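This document starts with one chain, in the form predicted on its own, laid out as structure tokens.
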């Protein structure tokens, strides 16, 4: 299992290539939910998301022999852009398998960092099959989007920073898709801090896995939270089962309402996948009443012409 020492080492390794993102507050939001909220703004991170942390850690940990043919992965967007950027920083090639329904803003970001995009059907099997062919053709090293020790350690640096920036948190709320950020956050959190995963009802594999103790490996998500559509990784599930207090579900409308609140009160435009954290606190206010709550806003790569709350502005 990844240790806190692995996360600390990752933080030192990636420090020259990432932002130490700010923690923001909103008195109005505190009053609405009845607790003290501390937002770790990874939407302001390099490449627009926390994924830069894990990608840089993974790429710069590779020995030259494994890095020389480049790196490859499959991604709905943010991990792909982050890996492409990390590869560009190291001066190696990158190959990103992307579902053909991925957001154009995310595909454009991947291309901007010099990667080659290979499109496939929007299923996990198609992504994995296409990636296998790419790796065979190029000899590139596969960097898993979330089920990888180096990725988990890198993603955990966001919570490591947050805990250094804010004293005495009672709870930490983290979105869960593949579970890399959740696992990394749980590793660095003090045992007294309750870790909550936030997940859309329309992509509830982590919730079902957590409640039954049996990892769900196949499901069909129907959510606007495109960054949370993957199933939880095996490594990540082991950590989640051991260290996470609960998985909190939210509706699609609750996500949209939270996005709008973050824009109007915090002045931050975030992805739906980020807004699940605030949505989870809003829905479960009794669990957080009077507490000091950290929330990780994971990304800000949204199309400004296609915001789900634009019609209500």
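The model shown is predicted, which means the values in this text are computed figures rather than measured ones. Residue numbers count along the first chain shown, from 1.
Beyond what is shown, the protein has a form predicted together with a further copy of the same chain; the following relates to that form.
K.L.:
Counting only non-hydrogen atoms and a 4.5 angstroms cut-off, does residue 48 reach a further copy of the same chain in the model of the complex?
P.N.:
Answer yes; at least one heavy atom of residue 48 falls within 4.5 Å of a further copy of the same chain in the model of the complex.
K.L.:
Does residue 251 make contact with a further copy of the same chain in the model of the complex, using a 4.5 Å heavy atom cut-off?
P.N.:
Residue-level check for residue 251: no, no contact with a further copy of the same chain.
K.L.:
Might residue 28 be said to contact a further copy of the same chain in the model of the complex, defining contact as any heavy atom within 4.5 Å?
P.N.:
Result yes; residue 28 sits at the interface with a further copy of the same chain in the model of the complex.
K.L.:
I'd like to check something about residue 52: if you look in the model of the complex, is any of its heavy atoms closer than or equal to 4.5 Å to a heavy atom of a further copy of the same chain?
P.N.:
Residue 52: no contact with a further copy of the same chain in the model of the complex.
K.L.:
Considering non-hydrogen atoms and a 4.5 Å limit, which listed residue (61, 268, 284, 36) is close to a further copy of the same chain in the model of the complex?
P.N.:
It is 268.
K.L.:
Of these, 36-44, 62-70, 243-251, 273-281, which stretch puts a heavy atom within 4.5 angstroms of a further copy of the same chain in the model of the complex?
P.N.:
Checking each option against the 4.5 Å cut-off leaves 36-44.
K.L.:
Which of the residues spanning 101-131 lie within 4.5 Å of a further copy of the same chain in the model of the complex, based on heavy atoms?
P.N.:
If the 4.5 Å heavy-atom criterion is applied to a further copy of the same chain in the model of the complex, 101-131 yields 112, 113.
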